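In structure tokens, the next block holds one chain alone, the form predicted alone.
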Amino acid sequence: MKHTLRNIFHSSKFVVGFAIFMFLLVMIIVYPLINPGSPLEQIGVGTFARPGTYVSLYDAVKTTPETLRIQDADEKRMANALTTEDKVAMLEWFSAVGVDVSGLEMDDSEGFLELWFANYDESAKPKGFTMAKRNYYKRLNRTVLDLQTGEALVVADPDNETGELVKIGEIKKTDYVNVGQVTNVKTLPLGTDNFGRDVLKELVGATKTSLGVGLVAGIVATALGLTMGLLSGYIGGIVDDLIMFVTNLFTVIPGFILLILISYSISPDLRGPTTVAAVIGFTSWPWTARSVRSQVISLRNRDHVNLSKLSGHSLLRIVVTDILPYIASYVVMAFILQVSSGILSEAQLSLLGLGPKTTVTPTLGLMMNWAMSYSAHINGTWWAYLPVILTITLISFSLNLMNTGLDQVFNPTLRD
């Protein structure tokens, strides 16, 4: 046993795959301890908040500021205030009044502002510009001027008696607050999804559930395939014909089509993660059964098996003690592949809306389904779907890498 484990962990492919898989396991165990609570807790009122650190403006205003004079602060402030739409509008103005914009890049906010201050005339009436459009440029100009010349923002609060706004303070451009002194600060490494939920927290919970689905599916598929393969290969005869007939039926019908039909026939209220995992396992066993059968056929007439038969040992004992140990390594590798296949199948089903229906915990497939339903792939909110894709890829890659490493250890042909 020690020699076998030593050989396994000498395989670089197995070690890499095992390290990736263990990293994911540590994440789903440790992160909920750091950030407890339901992964489906809604913390955002809006949708698709960008990744970053969020500071409560209410608390920040009430925090005692420090005066800092940071170089180029005004330039950065004005450059950040200019959106792409504002720059396109400025280019339209420049073109209408005959300003040369050759060499001006869209990311050159300073260049845009320089040309704007030098050429904008509020009284100008460019040809083809409506009153509403000219008013838009006036508002844009006032916004830019306020950023350049404004000294402070006034903080006002309604008077308890009159209801009128009363100045209670002001925020200067040189006022800064230490984030560590602000009461409420929330870091969202992956932002929020379409429901305003923390994507990283949701992703960790989804990974845990999907691994559970893959594990249950792998156990069901491997157990069915192993049982069918052992009985078919060892007993032979009519039992072999009957089992192979059923196996061929499952093989002829595309497994994923069968999976869709069975999932569709189950009520959404009953379609939980465990049920979906069992269905995936029930439709994934044939190839394991066929492979185990071929292995058993090559073993059933060996001397040690014949000796057990002559000794009067039972069928169960012969299979468990004289055949199963010789195919144990193959069964382990088949189980790893079944787990990987189960996770991918759940993701495919969920993308079609036939995955687990749960309001308690998400799955990787459900996260993909929600992101696609709210057009995350179109509106550029990559954090809602790309981390999910990478997680599924890492899980499948690590499991398949582990399987390849085991195959190199236990397959003499590959080892040589």
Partner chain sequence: MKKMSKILALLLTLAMVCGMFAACGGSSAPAATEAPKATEAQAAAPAATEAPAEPAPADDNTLPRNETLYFAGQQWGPVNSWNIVGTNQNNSMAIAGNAGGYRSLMFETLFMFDFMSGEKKGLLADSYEWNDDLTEMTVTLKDAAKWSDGTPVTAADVAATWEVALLTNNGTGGSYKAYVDTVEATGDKTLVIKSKLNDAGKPVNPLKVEDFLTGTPIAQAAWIKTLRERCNDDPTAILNDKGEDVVWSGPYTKYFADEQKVVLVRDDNYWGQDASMWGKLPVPKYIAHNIYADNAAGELALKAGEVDVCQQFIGNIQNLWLEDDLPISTFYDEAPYGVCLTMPTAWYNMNIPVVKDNVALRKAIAMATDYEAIIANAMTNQSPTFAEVPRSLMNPTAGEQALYDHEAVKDLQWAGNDIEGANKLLDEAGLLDTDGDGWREYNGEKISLNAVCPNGWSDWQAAMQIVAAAGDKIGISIEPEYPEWDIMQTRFTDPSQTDYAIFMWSPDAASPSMPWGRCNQFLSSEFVGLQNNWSGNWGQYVNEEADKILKEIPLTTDEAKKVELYTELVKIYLTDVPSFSLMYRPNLFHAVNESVWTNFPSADDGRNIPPADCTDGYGIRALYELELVG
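Numbering follows the first chain given and starts at 1. Just so we're on the same page, rigid core means the largest C-alpha set that superposes within 1.5 Å between forms. Being a predicted model, the structure only gives us computed values, none of them experimental.
A second form of this protein, the form predicted in complex with its partner chain, is not displayed here; the remarks below concern that form.
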| message | Looking at heavy atoms inside 4.5 Å, which stretch does its partner chain contact in the model of the complex, given the options 257 to 265, 228 to 236, 106 to 114, 297 to 305? | response | 257 to 265
| request: Would you please decide whether F195 lies within 4.5 angstroms of its partner chain in the model of the complex, comparing each non-hydrogen atom pair? | output: yes
| said: So, N80 and its partner chain: in the model of the complex, are they within 4.5 Å at any heavy atom pair? | reply: no
| query | Should S56 be counted as a contact of its partner chain in the model of the complex, where contact means heavy atoms within 4.5 Å? | reply | no
| field | L165, heavy atom within 4.5 angstroms of its partner chain in the model of the complex | value | no
| query | So in the model of the complex, are T47, R139 and W370 all sitting within 4.5 Å of its partner chain, heavy atoms only? | reply | yes
| Of M131, A118, A152, V179, the one that lies within 4.5 Å of its partner chain in the model of the complex (heavy atoms) | M131
| Which of A278, L91, A124, I253 has a heavy atom within 4.5 Å of its partner chain in the model of the complex? | I253
| query | Can you tell me which residues in 365 to 386 come within 4.5 angstroms of its partner chain in the model of the complex, by heavy atoms? | reply | W370, S373, Y374, S375, I378, N379
| field | Flag for I336, CA shift 2 Å or larger between the shown form and the other one after aligning core | value | no
| query | Cα of R302 displaced 2 Å or more between the shown form and the other one, core superposed? | reply | no
| task | Please check if L226 moves between the shown form and the other one, taking a CA shift of 2 Å or more relative to the superposed core as movement. | result | no
| request: Work out whether the Cα atoms of R50 and R139 come closer together or move farther apart in the model of the complex than they are in this form, the change being 3 angstroms or more. | output: closer
